[in-house]
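Taking the form predicted on its own, here's one chain by itself in structure tokens.
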Amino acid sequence: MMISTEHIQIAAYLGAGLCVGIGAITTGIGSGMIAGEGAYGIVKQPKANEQLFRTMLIGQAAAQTAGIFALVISMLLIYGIDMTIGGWFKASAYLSAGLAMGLGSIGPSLGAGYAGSQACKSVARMPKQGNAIMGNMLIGQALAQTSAIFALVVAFLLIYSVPNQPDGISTGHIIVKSLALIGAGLAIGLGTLGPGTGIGFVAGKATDSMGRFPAQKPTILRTMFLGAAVSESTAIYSLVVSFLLIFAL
């Protein structure tokens, strides 16, 4: 199967566009959710204006993490690779890297946004617990973004560890390996959607509960970590399958 430099460029540029385009969807929604609850909280609790504003900005910055990962991968696909060699293997890997990070941003960004919005709501209800609530928000958002780190690792592996297509191999081998590489990106991209969102939901409810029942902080934290760990398990399954599709075929 013949392939030209233009084919590889098309795959890389398409991957870059999909990566940052899909990655921006829930990154923007998550940041907006936080700002919405922050604005409502400031009206409801004017004396906590400064504390709410700080919680909102920090929460929004944390919710942008997966979107920034998507931007980095897009820049690498445009400026950081050699598109003159590699054959179908490299073309498939570049497209797959964009899909992995773009799709892999959806769940974590949405989850981090929900956790941040619940933190603003909770601070407005109980300003005296503002520091504890913000600390829990950051822990929850970090847990939600773990899935995005998995997607980032797979995207890097697809870009830099996939070998060039060897000479003289059969058309069937080329098709199988190329589809396996695209499958690796889809596996981790789609596989992080549920865990990232689910962990964010756990973190959001835990943060909300901390504002309602501050004396129950140890119990709330323990339950949050346990719930997040179970929610994360399917993202680990997806990560393992992605590794197998990249390296074992």
Partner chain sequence: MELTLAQGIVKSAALLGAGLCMGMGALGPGIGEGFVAGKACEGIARSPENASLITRTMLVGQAVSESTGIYSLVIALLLIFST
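Numbering follows the first chain given and starts at 1. Predicted model, so just to flag it, every value in this text is computed and none were measured.
Although it is not shown, the form predicted together with its partner chain is what the next lines describe.
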| message | Quick check on residue 64: any heavy atom within 4.5 Å of its partner chain in the predicted bound form? | response | no
| said: Under a 4.5 Å heavy atom criterion, is residue 195 part of the interface with its partner chain in the predicted bound form? | reply: yes
| said: So, residue 219 and its partner chain: in the predicted bound form, are they within 4.5 Å at any heavy atom pair? | reply: yes
| Does residue 166 make contact with its partner chain in the predicted bound form, using a 4.5 Å heavy atom cut-off? | no
| Interface residue in the predicted bound form among 56, 33, 202, 48, criterion: non-hydrogen atom within 4.5 angstroms of its partner chain | 202
| Interface segment, criterion being heavy atoms within 4.5 Å of its partner chain in the predicted bound form, picked from 22-30, 40-48, 185-193, 56-64 | 185-193
| task | Any residue of 136-171 with a heavy atom within 4.5 Å of its partner chain in the predicted bound form counts; write them all down in order. | result | 170, 171
